[in-house]
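Before any questions on how it binds or moves, here is one chain, the form predicted on its own, in structure tokens.
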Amino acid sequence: MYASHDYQRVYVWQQPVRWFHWINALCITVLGVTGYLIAHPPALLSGAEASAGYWFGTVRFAHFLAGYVFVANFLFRIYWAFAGNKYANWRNFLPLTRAQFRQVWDVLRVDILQLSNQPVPALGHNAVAYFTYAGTGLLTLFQIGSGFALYAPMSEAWLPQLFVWVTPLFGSEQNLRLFHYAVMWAFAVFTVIHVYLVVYHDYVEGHGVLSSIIGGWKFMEKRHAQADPATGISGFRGRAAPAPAPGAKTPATPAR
């Protein structure tokens, strides 16, 4: 018999964050599949004219197109880290408070070391997830820089030419290509772990993690949800609301 909980419905992930997530997932999938084909092109036999066998060119075009969308989507997420709500704020991705480090240990005790069966309450991501996403953000920057550096010799567009300095840092195009390819596999491993942990947390905690990235809403026990506005996510203190004047009525919470 499961214990009874008094849950509160909280709007966490704004629509721009949800769009970013799914566009990013689509781009990474397309980039991963086409990148693998570019690195390991299969030998396809056909009786058609050679001029009709342009499938590899289509694969490369899809890779480059997904790359441009990937860059635009990433730049928008950086903007939304300043314009969005506190769950999307850039401060969450940096180790700025002791509370964040304490939460890292608490999450590791539950998720990795299995020393506790008490889930760590977090309306947004927990600190481990935020720091992990900061790491994937750095990998994203590397993939963007290395990808456009590899594209620059075959393009006259201004954007790839901004990254021609990257190739000499690695000695040759082949060396850079190997690192670019390796990071692709790092994203693949991250995706598997990410999906597993999302399903795990959704099952164990019952906070609606899976559905929240579609609808934006999560569910949290009231005692934790009501404490969250005071402390902010991952221990970052948000802006305090002004105290009401003596005798003033407390305004009702607007409907979402």
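Numbering starts at 1 and follows the sequence shown. All values derive from a computational prediction rather than experimental measurement.
There is also a form predicted in complex with protoporphyrin IX containing FE (HEM); it is not shown, and the following applies to it.
Heavy atoms of no residue among Ala83, Arg91 and Arg98 are located within 4.5 Å of protoporphyrin IX containing FE (HEM) in the predicted complex. The stretch among 137-145, 164-172, 98-106, 111-119 whose residues place heavy atoms within 4.5 Å of protoporphyrin IX containing FE (HEM) in the predicted complex is 137-145. In the predicted complex, at least one heavy atom of Phe20 sits within 4.5 Å of protoporphyrin IX containing FE (HEM).
For Ala39, a non-hydrogen atom is located within 4.5 Å of protoporphyrin IX containing FE (HEM) in the predicted complex, even though that partner is not displayed. For the chain shown alone, Gly216 is not a contact residue for protoporphyrin IX containing FE (HEM) in the predicted complex, no non-hydrogen atom being within 4.5 angstroms. Under a 4.5 angstroms non-hydrogen atom cutoff, protoporphyrin IX containing FE (HEM) in the predicted complex has Tyr151 among its neighbouring residues. Applying a 4.5 Å heavy atom cutoff to protoporphyrin IX containing FE (HEM) in the predicted complex picks out Met184, Phe187, Phe190, Thr191, His194, Val195, Val198, Val209, Leu210, Ser212, Ile213 from 183-221, in order along the sequence.
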